[in-house]
Structure formats: structure tokens, C-alpha cells
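Taking the form predicted alone, here's one chain by itself in C-alpha cells.
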Amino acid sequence: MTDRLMDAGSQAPADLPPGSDEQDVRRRLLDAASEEFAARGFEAATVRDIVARARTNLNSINYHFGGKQALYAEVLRHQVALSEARHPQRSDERAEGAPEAALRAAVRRLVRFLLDPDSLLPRLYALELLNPSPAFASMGPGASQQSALASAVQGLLGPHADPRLAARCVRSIYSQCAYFMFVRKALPMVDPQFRHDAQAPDELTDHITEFALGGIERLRRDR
């Protein structure tokens, strides 16, 4: 039998562990699939490994999610929701203020969002950036953070700034945050002075913000 699910019907699986109920099985599948997809990516993760980790059977994925791709999309949404809950928008980030303060707040949220050591989302996101799956568009990773960043950049460049320039500035700032997401485990090996500790997010926020402010000011003057 191949790794593909053989039966896409709606009948409940018959060989659930004793004492299992449907919500418990669904939760176990989400947890197991999150771990497998984060470790292997969408293509390499197998439904057999997922159901083995979840202690259920092949039919349970079809029954609860409709297939591997639908399960993956639900994992992405689930992990985004968990990360958003861990990093709610703070009152000082919701308040309207100077564009410089808005930029700092947006960078702070991005850094906390992308470097969360207790979240599987950075790993899933990194894999999607390298090899996007069909589910990536539905993921909306960091959508609110990117929106806040775009708003801050627009405020710094001014209302008549070239939209293409604003978009490039947003991508440049976002890429600095994403860089530390990709290298957070390897960086201490090549830079012994770097420590991914409790102070690191604030230090990175300060550096990225000041670097971005300098670059945007130069672009604004040249324009």
C-alpha cells in the first residue's frame, strides 16, 4: 500500500485507541502533524508517520480533515493562531504615534513572532519560504505584523512615496527579521558574541529599527 490515503469516505475510523473521542483524536492528529511537517516539510512527511505518532489509523486523517493537504493547511492555521495568542498586540503597539515608534513596535512584534523558541511556526514558515506548498497562501503567516510594518514604512516615506519603493523597504526590513529566524541556531557557532537569550529580541529590535530608519531617511532624502 502506498503512503496515499486509500479511502476518502466519511466513515469514522474503527480502530481508535480505547477511551478516545473524536475531538481528542483530532487534537492528537494536529499535534502529531505539526511535529512531522515541521521536521520534514509537507512533501516528505508521510501520513503513516503522522497517524503512528497520533496513535490512530490512516482513515482518521480523511475523516477529520479530508486528506493530507487539508490537514497541512489546518496545521498552518493552527500554528499561526497559537503564535498570535502567545504574542498578542500590546497596548503601546495599538496606539497611534510617530512613524518611528510605529516602526519599532512592528519590528518588535516580528522579531518575537519569528524567533519564538517554543513555536513550530518559524520552522514551518522557513520550509514554506524555501519550497511553498499549495497551502501557503491560506497560511497568512505574520499578516498582521506585515500590515503594521507596511503602515509604519509608508508613514516614514510620506504619503506620495512610490509604492514599489515602500514595498521594497518592507521586504528589506522583514528579511532582516527573517534572517535571524533562519540562523538562530547556527549563528552562535560563527559569532560567539551572539546569544539567543531573553535580551536578544529587544537588542535585535533596536538594531533592525535603527538600521531601517537610517536607510529610509537616506532614500527619502534622495527622492
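All residue numbers refer to positions in the sequence shown, first residue = 1. Only the largest set of C-alpha atoms that superpose within 1.5 Å between the two forms is called the rigid core. It should be emphasised that the depicted structure is a prediction, and the values quoted were computed from it without experimental measurement.
Although it is not shown, the form predicted in complex with another copy of the chain is what the next lines describe.
In terms of contact with another copy of the chain in the model of the complex, the residue from A52, V183, A70, A161 that brings a heavy atom within 4.5 Å is V183. P117 falls outside the set of residues with a heavy atom inside 4.5 Å of another copy of the chain in the model of the complex. Looking at A102, you'd find every heavy atom of it more than 4.5 angstroms from another copy of the chain in the model of the complex. Although the partner is absent from this view, Y174 contacts another copy of the chain in the model of the complex, with a non-hydrogen atom inside 4.5 angstroms.
Taking non-hydrogen atoms only, N131 approaches another copy of the chain to within 4.5 angstroms in the model of the complex.
At a distance of at most 4.5 angstroms from another copy of the chain in the model of the complex, none of the three residues V25, L29 and D202 contributes a non-hydrogen atom. Annotation for 188-212: interface residues with another copy of the chain in the model of the complex are M189, V190, D191, Q193, F194, L204, H207, E210, F211, A212 [heavy atom within 4.5 Å]. A198 shows a C-alpha shift below 2 Å between the shown form and the other one [criterion: core-superposed Cα displacement of 2 Å].
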